[in-house]
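Given next, in structure tokens, is a single chain: the form predicted on its own.
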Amino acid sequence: MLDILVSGLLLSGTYALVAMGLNLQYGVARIMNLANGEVLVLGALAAFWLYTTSQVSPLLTVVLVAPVSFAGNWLIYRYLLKPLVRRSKSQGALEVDSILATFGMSFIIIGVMVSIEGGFFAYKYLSEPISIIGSTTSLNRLVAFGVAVLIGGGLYLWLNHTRAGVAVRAVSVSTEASGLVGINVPRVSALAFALGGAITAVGGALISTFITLDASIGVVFTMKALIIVIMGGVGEIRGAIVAAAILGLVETAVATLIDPGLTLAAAYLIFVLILLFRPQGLFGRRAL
């Protein structure tokens, strides 16, 4: 049980980071990004390629990937998604349009990654064992968890103690009210979407240090991020952290005690239960 607890919590750190990225995009920009997982795999592929070709540390890749992903996601929002926002007459219409647009975009990204690296990719980085309160894990998982905690903590402080962060939180609550008090909603939405993409790519670079990936696995991470966002509450960073811990512990327990092949089934079961019994999420606000 101690091994399950430690491994589950270490896994939840990177899950939380990825879910925070989707939370910013969906909770603030109102874009349901089905290409979120592919952005994660792109970050992982960048870490793999730089490490295997030039011995660049994945921790340095995190620093390099973040601004590149931020710029790329800003351009995607500016030229692909913003026209959809302008023409949509309701939130429901925007969600449908964004789902279709990002679903198609995911196939484009997959095609690019397949042309770069067709099969599975993995590398050894800080893979030596380390003991934590009597449980043995790998050093790369511990380092990835530590970096995820630092980034998540920095994001939380930024959202709660800076003018721009407060504006982002305001838009997540109400775009109409935010516009009435002078907040530039389109600019904040673009910022949130780009920042969410950057955080997701960073999560991919960290996950690549201890998980074998391939170009088509992004949909799995999109589903897990969506489960965490729905479970924690759309737009709720605290909720994403708690939900990621729950998902990480459940997946680790199922893989250890039952069968590793059932981890996705367990995640989907959690998703269905949340939709049935608490659709607003653990920390979400009930619709009036």
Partner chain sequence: MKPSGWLELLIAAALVVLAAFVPMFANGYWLSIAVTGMMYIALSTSWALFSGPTHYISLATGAFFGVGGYMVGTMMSDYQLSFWVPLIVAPLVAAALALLIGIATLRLSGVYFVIFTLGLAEMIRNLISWIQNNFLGSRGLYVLTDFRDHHLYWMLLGVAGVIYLLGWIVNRSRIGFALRIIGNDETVARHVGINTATAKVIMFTTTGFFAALVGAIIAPRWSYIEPNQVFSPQLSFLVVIMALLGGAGRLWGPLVGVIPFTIIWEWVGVQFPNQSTLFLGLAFLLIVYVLPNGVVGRIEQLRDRIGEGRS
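Keep in mind it's a predicted model, so treat the numbers as computed, not measured. Positions refer to the first chain, counted from 1.
One more form of this protein should be noted, the form predicted together with the partner chain, which is absent from this view; the next part is about it.
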Just to confirm, residue 166 within 4.5 Å of the partner chain in the model of the complex by heavy atoms? no
Closest heavy atom of residue 111 to the partner chain in the model of the complex, within 4.5 Å or not? yes
Evaluate residue 60 for contact with the partner chain in the model of the complex, applying a 4.5 angstroms cut-off between non-hydrogen atoms, and reply yes or no. no
Answer yes if any heavy atom of residue 104 is within 4.5 Å of a heavy atom of the partner chain in the model of the complex; otherwise answer no. yes
With a 4.5 Å heavy atom cut-off to the partner chain in the model of the complex, the contacting stretch among 62-70, 48-56, 235-243, 24-32 is 24-32
Would you confirm whether the three residues 151, 155 and 282 all fall within 4.5 Å of the partner chain in the model of the complex, going by non-hydrogen atoms? no
The unique member of 126, 170, 84, 185 whose heavy atoms fall within 4.5 Å of the partner chain in the model of the complex: 84
Going by heavy atom distances of 4.5 angstroms or less, which of 80, 159, 132, 142 would be at the interface with the partner chain in the model of the complex? 80
Using a 4.5 Å cut-off on any heavy atom, which residues of 236-269 would contact the partner chain in the model of the complex? 258, 259, 261, 262, 264, 265, 268
